[in-house]
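Let's start with one chain on its own, the form predicted on its own, as structure tokens.
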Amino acid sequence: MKNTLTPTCLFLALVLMCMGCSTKAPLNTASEAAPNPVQYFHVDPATAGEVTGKVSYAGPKPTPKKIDMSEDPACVSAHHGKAVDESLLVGPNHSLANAFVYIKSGLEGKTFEVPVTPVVIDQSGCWFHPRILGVQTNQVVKIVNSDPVTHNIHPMAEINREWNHSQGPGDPALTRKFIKPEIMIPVKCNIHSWMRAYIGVLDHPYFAVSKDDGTFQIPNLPPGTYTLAIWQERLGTQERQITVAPGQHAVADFTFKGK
């Protein structure tokens, strides 16, 4: 029998052949708009200012409390048995060291480059050094152990991820990052209960720690009005408004009353 196609079948066959020969061009993803690069804020050196000040302690100078390190003879030896609590360091002129000072508000809408130099925490003499430190978000924190004993560094973050890691004598340095602002993250050693540190994480570089004489300096600050905050691990937090004029510096002294 002769196999003939009806007009309808012939039409459908032609349609299918055309569909098979015609292919859709793939989406040109390269032509899609690329995300805009991050625009970092850079301070104009001609208008940059600074904040300076001094932190003082009002009241009788506290008697340092002796720390019992007898559970680890190597720690006792490092301090010759004379280690004292460093949570409240008051100097001879009632200066207050280890207070964390930072710009709390006033920098909104500005994005700052992350420093390439790591911040270092050293476990030395069965202490964390420094005890109080600041770091920018995503800046590398490098942890080293200079002691002949094993330590365990345990930042007890609430906004960032909490972690803890043991580090023996001679172990390689650890590197970590904190990706969100958080004031302040307490740090402890799970092996030596007296070891304490605190980390202030900010998304900008405008912070400082008061020195032994109570002074601090926050340089290269763009002109503006800010909330300046100060934190001390035993005495709490204070805040005040400051205005930094172009090319000038503001002075902000703080006094904490003894508890």
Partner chain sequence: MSSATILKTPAALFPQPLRSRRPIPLDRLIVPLLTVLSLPLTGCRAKISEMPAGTPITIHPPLGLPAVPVPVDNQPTLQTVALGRRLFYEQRLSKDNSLSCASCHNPKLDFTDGRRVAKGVGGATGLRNVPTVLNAAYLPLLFWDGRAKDLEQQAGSPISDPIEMNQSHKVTVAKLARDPEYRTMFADAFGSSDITIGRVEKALASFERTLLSGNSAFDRYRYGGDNYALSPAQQRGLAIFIDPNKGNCAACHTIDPKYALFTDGKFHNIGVGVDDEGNLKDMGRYNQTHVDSDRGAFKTPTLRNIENTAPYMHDGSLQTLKEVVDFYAGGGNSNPYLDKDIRAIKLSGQDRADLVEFLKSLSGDLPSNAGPTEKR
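These numbers were taken from a predicted model, which means no experiment stands behind them. Residue numbers count along the first chain shown, from 1.
Unshown form predicted in complex with its partner chain; subsequent notes refer to it.
**Message:** Quick check on this chain: which one of 176, 180, 94, 104 has a heavy atom within 4.5 Å of its partner chain in the predicted complex?
**Reply:** Contact with its partner chain in the predicted complex is made by 176 alone.
**Prompt:** Heavy atom within 4.5 Å of its partner chain in the predicted complex: which of 111, 146, 166, 87?
**Reply:** By the 4.5 Å criterion, the partner-contacting residue is 166.
**Item:** Which of 112 to 120, 71 to 79, 94 to 102, 130 to 138 lines the interface with its partner chain in the predicted complex (heavy atom within 4.5 Å)
**Value:** Checking each option against the 4.5 Å cut-off leaves 71 to 79.
**Asked** With the partner left out of view, is residue 48 within 4.5 angstroms of its partner chain in the predicted complex by any non-hydrogen atom?
**Response** No, no contact at 4.5 Å.
**Prompt:** Even though its partner chain is not shown here, does residue 190 get within 4.5 Å of it in the predicted complex, heavy atoms only?
**Reply:** Result yes; residue 190 sits at the interface with its partner chain in the predicted complex.
**Prompt:** With a 4.5 Å heavy atom cut-off, would you call residue 152 a contact of its partner chain in the predicted complex?
**Reply:** It does: once its partner chain is placed as it appears in the predicted complex, residue 152 has a heavy atom within 4.5 Å of it.
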